[in-house]
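Presented below, as structure tokens, is a lone chain in the form predicted on its own.
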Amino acid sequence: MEAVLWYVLTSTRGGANRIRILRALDNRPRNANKLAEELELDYKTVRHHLEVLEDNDILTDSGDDYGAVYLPTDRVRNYWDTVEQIMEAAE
């Protein structure tokens, strides 16, 4: 999981925005529209990053398509020290 986190959050073009999304969702679960508003990102951009994060088992959603609320998975919570290390390295 650590390698996946480093790759998805730092080694790809969208890593910086994925870190911003993950940090926002750590504070409070939100839907894609709220994330787009609060992070001042395009809605489609947020949807793309959410999909990448879900595909890599970093985020999960409530399953309610349009209004789905996203939050970090239990698996990534077990590696939260690594996430924080990545966030600090990215600053």
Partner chain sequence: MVGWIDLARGAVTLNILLLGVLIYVWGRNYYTLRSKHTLGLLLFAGLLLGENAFALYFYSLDPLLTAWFSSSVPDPAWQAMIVLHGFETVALVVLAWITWD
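Model, not experiment: these values are computed from the prediction. Positions refer to the first chain, counted from 1.
Another form, the form predicted together with its partner chain, is not on view; read the next lines as being about it.
Using a 4.5 angstroms threshold between heavy atoms, K34 stays clear of its partner chain in the predicted complex. Contact annotation: N78 falls outside 4.5 Å of its partner chain in the predicted complex, judged by heavy atom distances. Not displayed here, its partner chain is approached by L9 to within 4.5 Å at the level of heavy atoms in the predicted complex. Interface membership of V83, defined by any non-hydrogen atom within 4.5 Å of its partner chain in the predicted complex, is ruled out. Of the residues in 36-70, those that come within 4.5 Å of its partner chain in the predicted complex through at least one heavy atom are, in sequence order, H48, V52.
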